[in-house]
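A single chain comes next, written as structure tokens; it is the form predicted alone.
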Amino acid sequence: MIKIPQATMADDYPLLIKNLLHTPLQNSPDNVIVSGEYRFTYAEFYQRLRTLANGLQSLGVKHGDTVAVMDWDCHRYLECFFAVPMLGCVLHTINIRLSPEQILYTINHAEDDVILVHEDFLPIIEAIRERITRPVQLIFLTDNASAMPAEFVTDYTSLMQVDPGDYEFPDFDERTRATIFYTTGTTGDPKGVTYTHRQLMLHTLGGMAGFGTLAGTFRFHNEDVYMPITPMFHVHAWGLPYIATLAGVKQVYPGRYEPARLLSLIQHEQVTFSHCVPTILHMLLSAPEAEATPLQGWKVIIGGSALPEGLAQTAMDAGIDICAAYGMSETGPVLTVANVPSEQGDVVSMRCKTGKALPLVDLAVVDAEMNPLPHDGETAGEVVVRAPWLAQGYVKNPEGSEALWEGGFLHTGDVGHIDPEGTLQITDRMKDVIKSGGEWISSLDLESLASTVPGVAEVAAIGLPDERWGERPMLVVTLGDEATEETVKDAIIQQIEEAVADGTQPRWAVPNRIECVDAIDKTSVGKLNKKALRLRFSQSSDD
């Protein structure tokens, strides 16, 4: 190996989260971060990070400790995104939508030393506090100047009054753990997923390169106004707050996801770039305030679940520039984004595709023996991936880690195909694909077809056990205003039968059963909860 000559004082410039701040502090120090009544410039934001770090150290927090957060999406959360890992500590973003028992499990499993708790989540902490296995310091978060409970060591406002003095964030190994969070599956305890500074920096650079080089109007650039509508506990809000900070754009943090408030912020703060799961966008477009809110030019990335064509068309009709992206908790998360280079062809379908890989992402579709399948846009297999920011395994779970990386690629658990131009299309989760009469039926295809039917608000496709055929598809539907159950069911059947007639769906795809419900079960991050739906309707069919 030839060693590169290096000056005595040369700087290796480690890939640490703190180095994301150099660019906005140099290029856009006066751009603002908005959260409720607070408006901070980037220069003020950096001073707040120094203050928070010094305040945590005054409580005895040290390098390697784990600091957890239970809060709404606000300036405090963004400050923790940076200050905690920049201290050399580990940020645990607690999923506040898990059950109290699952939250307790994650606190104990992550070995939290400090927990920042918003007053809205005091009942959860009170219910589980005696069973937290390690001594923890609790820091109180409030938006209403409420009285601090006796068991808390301080409140955030007091912590932010500690003089930062001449505090400077330290350098350390870029492979130091920066964050931990927990992903829930269909069985077993939540699984701990962790990322280093290096991985988060590389995901930020890959994401910025991917979103910044998109053709057409969807490109993310330094004149955008960014507002996340994905919880910050969910894979670092998909990593976009780090990307937005590096870009130095104006950022808006909405607190609770209340439709009227979100729509008001979009209008009055002139938000141009957001991301969310389909259910959140559906909630916004269904709100009474949506009709009077101008949404033209608002760019929205849809992930977490497939983007149904019906929802995409509704969004485009409202002036929203929408496209799908794809990833998972174990992939940082973003792997691909739909690329719509022109307004020619089937624009809605193109925007709903899973998309092309971000820079540095190596995607493949393989068979059961890990043999790569042809990029013909038809041959489907499991999607596997390599990239420099992927989770290297699950925390304290060697068996799960080995299964995740079997064969040297990370296994997504998704089924899909890649076309000759390199566009990935996810056709289903391996656990959700419906196997009927010897044919595989894509639940995502059925959902997309049904979503285009007038009167369908939301739809989920599941497979239910069948003695003769193995499984048969069933659709669970919520209705829009003034839609009638009989008309919608007939129209859905007609839509799917037409797809069978033109050869785009197998003849087994016509569902045996369509149920109209008031609400469809969702997971803690707003995805369709198909496990719960299968259990619910399997039991009802046995009655």
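A residue's number is simply how far along the shown sequence it sits, counting from 1. This one's a predicted model, so the numbers in the text were calculated from it and none came from an experiment.
The next section is about a form of this same protein that is not shown, the form predicted in complex with ligand AMP.
The candidate spot formed by 304, 326 and 444 lies fully in contact with ligand AMP in the predicted complex, as each residue has a heavy atom within 4.5 Å of it. Residue 426 belongs to the set of residues with a heavy atom inside 4.5 Å of ligand AMP in the predicted complex. In the predicted complex, residue 179 stays away from ligand AMP, with no heavy atom inside 4.5 Å. Taking the partner from the other structure, ligand AMP in the predicted complex has no heavy atom within 4.5 Å of any heavy atom of residue 106. In the predicted complex, none of the heavy atoms of residue 417 sits within 4.5 Å of a heavy atom of ligand AMP.
Figure note: of the listed segments 251 to 259, 296 to 304, 395 to 403, 217 to 225, the one touching ligand AMP in the predicted complex, with heavy atoms no more than 4.5 Å away, is 296 to 304. Among 330, 79, 458, 113, the residue placing a heavy atom within 4.5 Å of ligand AMP in the predicted complex is 330. Screening 275, 282, 197, 234 for any heavy atom within 4.5 Å of ligand AMP in the predicted complex leaves a single hit, 234.
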